[in-house]
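This document opens with one chain alone, in structure tokens, the form predicted on its own.
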């Protein structure tokens, strides 16, 4: 049986991206499996796809770092382009980087030939990705979990990225004034009002995302991927979870920032706000904190959360299908969980992209996937 997906990349082209001088892949809607030796360029292809989403992509690289051979002698450093089909409607998304006359680097993003914003990208091809570095997400720094969860939120609420960027700008300007001992009340109060408004929007969007995810997780039958009990730790998020109104959360946060100016000046940073919130999880069946689980269990919890995200987006009339990208998909998974993952990905209305070191890792797909070998920056049909 051949399953078709509502959202898929029908064509992907790369020019001078990482180790790919020229790559042109034409695809159908089946999952895409890339295998090959370490360093062949598999992850680079996934990274190229993530450049079509808001932000700096899978490895948070700078535009110059993405250029093949450092972009030496080229004005156009690199280009990534894709033709995406979503419920039969075609969208062409392109992103690239070029040198400016002043000696800098400029990133250009276009959708259907017109300049595109981060929101345009978020709506054109929603995606979630996992990398081996994220296998220990639950036991790593809070900032990693926060960024991961914000990407999940951005996939559902495209305005989340703008709220986060505006919050960061106001927070940096407030801290600059405090560090320089400029206690101009009107100036600071204006910045604190900006922080409180955007901070409340960030927290509210996170809480809604968590509630949607938890609902999907709770409704899912027991299976290969353990259910998680999710929680957001942060004063603003906690207020929304208790039913507080946005206006009250904003007002209280603005007053807190006002009262903590001298403390934040001494600390060199704002010590309160959604930029310090954390995502926590518990293994429901074991009633164990995720960071205390085995490496395999931690990855299984993360995969379960990623699959829940895809279902939540598919169930949301304002969102829809999403791509799932998993680098080294088989790492820490036994054959049973690997087969279960493939079945879940086939059922997802969005296309999956997976990498692995050996073709045999994807044998459970059979003919239900497109399998390619990657060698030295070139892609060959297996």
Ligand SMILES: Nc1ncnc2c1ncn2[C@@H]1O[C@H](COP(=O)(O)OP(=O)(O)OP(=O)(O)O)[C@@H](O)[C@H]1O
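Positions refer to the first chain, counted from 1. All of these numbers come straight from a predicted model, not from anything done at the bench.
If you look for the form predicted together with the named molecule, you will not find it shown, but the lines that follow are about it.
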Touches the named molecule in the predicted complex: residue 60 (any heavy atom, 4.5 Å) = no
Report yes if any heavy atom of residue 13 sits within 4.5 Å of a heavy atom of the named molecule in the predicted complex; otherwise report no.
-> no
Would residue 335 count as a contact of the named molecule in the predicted complex, using a 4.5 angstroms cut-off between non-hydrogen atoms?
-> no
Is residue 26 close enough to touch the named molecule in the predicted complex, meaning at least one heavy atom pair within 4.5 Å?
-> no
Interface check vs the named molecule in the predicted complex: of 32, 67, 324, 52, the one with a heavy atom inside 4.5 Å is 67
Looking at 145-153, 67-75, 241-249, 82-90, which one sits within 4.5 Å of the named molecule in the predicted complex if you count heavy atoms only?
-> 67-75
Triple contact flag 19, 37 and 43 to the named molecule in the predicted complex, non-hydrogen atom at 4.5 angstroms = yes
Counting only non-hydrogen atoms and a 4.5 Å cut-off, give the residues of 296-329 close to the named molecule in the predicted complex.
-> 328
